[in-house]
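We begin with a single chain expressed as structure tokens, specifically the form predicted alone.
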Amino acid sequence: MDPSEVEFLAEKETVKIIPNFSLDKIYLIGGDLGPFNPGLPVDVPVWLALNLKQRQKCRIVPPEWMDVEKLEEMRELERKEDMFTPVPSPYYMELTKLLLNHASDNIPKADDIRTLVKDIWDTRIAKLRLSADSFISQQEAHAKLDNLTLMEINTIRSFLLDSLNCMYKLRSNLQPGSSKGQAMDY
């Protein structure tokens, strides 16, 4: 899966907007949206919020977790813990990127939020690399991926798959009764 596909999935998450137009409920395959009344908050998918924002039809309300104090706490907890801590959204990185690129004027302290989310991402990726290195060096056969997001797993996927394939080939060549060099590629 490519990062743009993960971003596409993230656009289905809902966010609150404050519209500046009136419209009755709209019926879509993914569900009903609205009604839209000026000044009254309504939950919509991110893709629609960004579209309306680009057309200056709404103001996007940042998610609760997109707050400097909450993100600082999350960063400190992530740095302190050895294991991965739960994230506020399975698409926190993608949502931050989308909302800050298209609606930074609606998000207070946007630059601080961008920096904090990047720090959290860097800390988690460093942990992921250390975990992968430990996993490979100890020749483990399986791993538990609790509290990882799809984008984080996607980042390390090719490395882990290649490493596991090499380990499989080496193990199958070392087993008694196997003929050298005839390990099958799967």
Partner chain sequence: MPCERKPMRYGHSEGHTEVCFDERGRFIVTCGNDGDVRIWEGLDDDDPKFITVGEKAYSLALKNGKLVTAGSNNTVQIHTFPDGEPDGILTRFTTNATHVTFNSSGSRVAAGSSDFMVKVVEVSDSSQQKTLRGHEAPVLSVTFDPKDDFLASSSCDGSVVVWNIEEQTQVISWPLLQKTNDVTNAKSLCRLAWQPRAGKFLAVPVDTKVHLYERGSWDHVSTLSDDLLTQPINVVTWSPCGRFLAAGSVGGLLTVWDANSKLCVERQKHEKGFTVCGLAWHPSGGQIAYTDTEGCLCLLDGLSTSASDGDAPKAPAKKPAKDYDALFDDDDDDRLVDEGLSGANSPVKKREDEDEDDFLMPATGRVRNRGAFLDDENSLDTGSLKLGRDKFGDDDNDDNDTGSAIVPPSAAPPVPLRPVYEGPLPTHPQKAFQSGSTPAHLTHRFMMWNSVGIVRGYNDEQDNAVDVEFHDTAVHHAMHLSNSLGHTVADLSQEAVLLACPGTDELASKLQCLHFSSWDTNKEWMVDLPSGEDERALCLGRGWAAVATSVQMLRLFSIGGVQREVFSLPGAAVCMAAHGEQLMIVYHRATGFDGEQALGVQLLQLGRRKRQIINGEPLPLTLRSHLTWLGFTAEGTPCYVDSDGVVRMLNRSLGNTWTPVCHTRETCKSKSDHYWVVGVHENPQQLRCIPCKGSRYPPTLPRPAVAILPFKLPLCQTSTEKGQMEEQFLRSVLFHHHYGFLSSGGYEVDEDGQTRSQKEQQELLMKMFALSCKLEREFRAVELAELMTHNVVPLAIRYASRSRRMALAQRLSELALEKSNQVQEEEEQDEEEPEYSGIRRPSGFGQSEVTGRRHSNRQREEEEEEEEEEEERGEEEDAQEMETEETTETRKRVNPFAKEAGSPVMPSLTPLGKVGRANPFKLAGSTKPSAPSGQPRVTNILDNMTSSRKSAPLAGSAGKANKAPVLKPLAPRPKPRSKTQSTLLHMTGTKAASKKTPDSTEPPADQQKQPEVPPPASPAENTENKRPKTGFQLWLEENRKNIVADHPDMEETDVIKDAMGRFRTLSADERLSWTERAKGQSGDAADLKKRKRGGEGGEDVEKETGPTGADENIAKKKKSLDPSSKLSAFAFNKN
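Residue numbers count along the first chain shown, from 1. Source: prediction; values computed, not measured.
Just so it is clear, the following notes concern the form predicted in complex with its partner chain, a form of the same protein that is not shown.
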query	finding
Residue 59, heavy atom within 4.5 angstroms of its partner chain in the predicted complex	yes
Residue 136 within 4.5 Å of its partner chain in the predicted complex, heavy atoms	no
Its partner chain contact at residue 168 in the predicted complex, heavy atom, 4.5 Å	no
Contact label in the predicted complex: residue 51 to its partner chain, heavy atom within 4.5 Å	no
22, 173, 14, 163 - the one with a heavy atom within 4.5 Å of its partner chain in the predicted complex	22
Partner-contacting position among 130, 143, 153, 40 - heavy atom within 4.5 Å of its partner chain in the predicted complex	40
Listed range touching its partner chain, judged in the predicted complex by heavy atoms within 4.5 Å, from 143 to 151, 117 to 125, 30 to 38, 43 to 51	30 to 38
